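Let's start with one chain on its own, the form predicted alone, as structure tokens.
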Amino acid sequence: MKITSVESFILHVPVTGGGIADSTHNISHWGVVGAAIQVEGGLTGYGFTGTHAYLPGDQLITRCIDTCLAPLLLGQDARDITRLWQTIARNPALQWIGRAGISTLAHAAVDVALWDLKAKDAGQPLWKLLGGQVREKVRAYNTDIGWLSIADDALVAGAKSAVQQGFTGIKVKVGSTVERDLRRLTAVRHAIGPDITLAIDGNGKWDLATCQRFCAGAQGLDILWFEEPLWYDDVKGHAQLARSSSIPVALGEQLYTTDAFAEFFAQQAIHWVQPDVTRMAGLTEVLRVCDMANAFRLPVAPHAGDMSQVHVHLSYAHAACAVLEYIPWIQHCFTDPALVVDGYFRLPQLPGAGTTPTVDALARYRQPVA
């Protein structure tokens, strides 16, 4: 399994309806910025990170892969994932230029590619390589019907449609005004009834006072969690909110390290743990967070199941994982896509991590690598 080449790539894939918005972002495409790692004999593993398809930024990630990480990997044994993770994550030169952001996103693509290679070499889907199936089904909750840019009547119609398709959970974006968001959530809860889980996501927009006022108004809506209510790094604020409201706090997609999660755990500022393999230097680091969450008896809801592909495997294999997000923008781009059937993610069957792009996706969506 000697590594012979590391090549980066960029795909820009259109999102639902040509564009969506939450409280802080407006995007028309999702960026799949990745690495293809080949070993002797020709076997290739694929991994990627996720971006808002900002080409100059995506090219900074690919440049990091090609110029900083590839030299550390060439000639190495691809099966030595933990050692290679340590080689990159604790490299003095790389630590000097950044322990989060571009360097971590690039590391994520490489680490996932190595796990994909290892599973392919074993002839197993990744969930089996991780220890096997620990649950019969992985429940999906639908976020793609809940964007803040969706009009009120369309939001309610989309929520009803999701339930009719078999989803037992939905998530609605908040972060406009307290009054508008409460009105929308009340209409959605009335439309879907009491048996469907309803989560909300603020994408870090509001301050503590606004969050507390909103939570007081949302008390009767049976909210499963309030995701990213405050600025992502505000541990103290999340801890204060967690103490002042009965609505559970969820976060994690904007945290890059185990240390960042550990501080939220220590301050009792989190109830639902949401790591992302495309942000956290790959599956190797996310597994540590899942183990830590399990030790604290906290449930894990990995961020965006089908936008990483790997999270489906993780959710079937790790005891802490409880539910998984459905946003189907890029699932058609892979040979073993993360599909939802009757409200549950299908158990992957092909060897690997499900991260191998189709020939069509590479032809249709590929962007230049600087």
Ligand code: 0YR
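For clarity, every value in this text was computed on a predicted model and none was experimentally measured. The first residue of the sequence shown is number 1, and the count goes up from there.
FYI, the form predicted together with this ligand isn't displayed, but the following is about it.
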- line: Answer key, this ligand contact in the predicted complex at 4.5 Å (heavy atoms) among H238, K171, R184, K120: the residue is K171
Of I327, V39, C68, L339, the one that lies within 4.5 Å of this ligand in the predicted complex (heavy atoms): I327
- prompt: Which one, 339-347, 39-47, 55-63, 319-327, holds residues whose non-hydrogen atoms are within 4.5 Å of this ligand in the predicted complex?
  reply: 319-327
message: Counting heavy atoms only and using a 4.5 Å cut-off, do K128, V310 and S315 all touch this ligand in the predicted complex?
response: no
message: If we define contact as a non-hydrogen atom of the residue within 4.5 angstroms of the partner, is Q76 a contact of this ligand in the predicted complex?
response: no
- prompt: Is the gap between I20 and this ligand in the predicted complex 4.5 Å or less for some heavy atom pair?
  reply: yes
- prompt: Counting only non-hydrogen atoms and a 4.5 angstroms cut-off, does W115 reach this ligand in the predicted complex?
  reply: no
query: Are any of the heavy atoms in E227 no more than 4.5 Å from a heavy atom of this ligand in the predicted complex?
result: yes
- line: In sequence order, the residues of 240-276 that place a heavy atom within 4.5 Å of this ligand in the predicted complex are E253
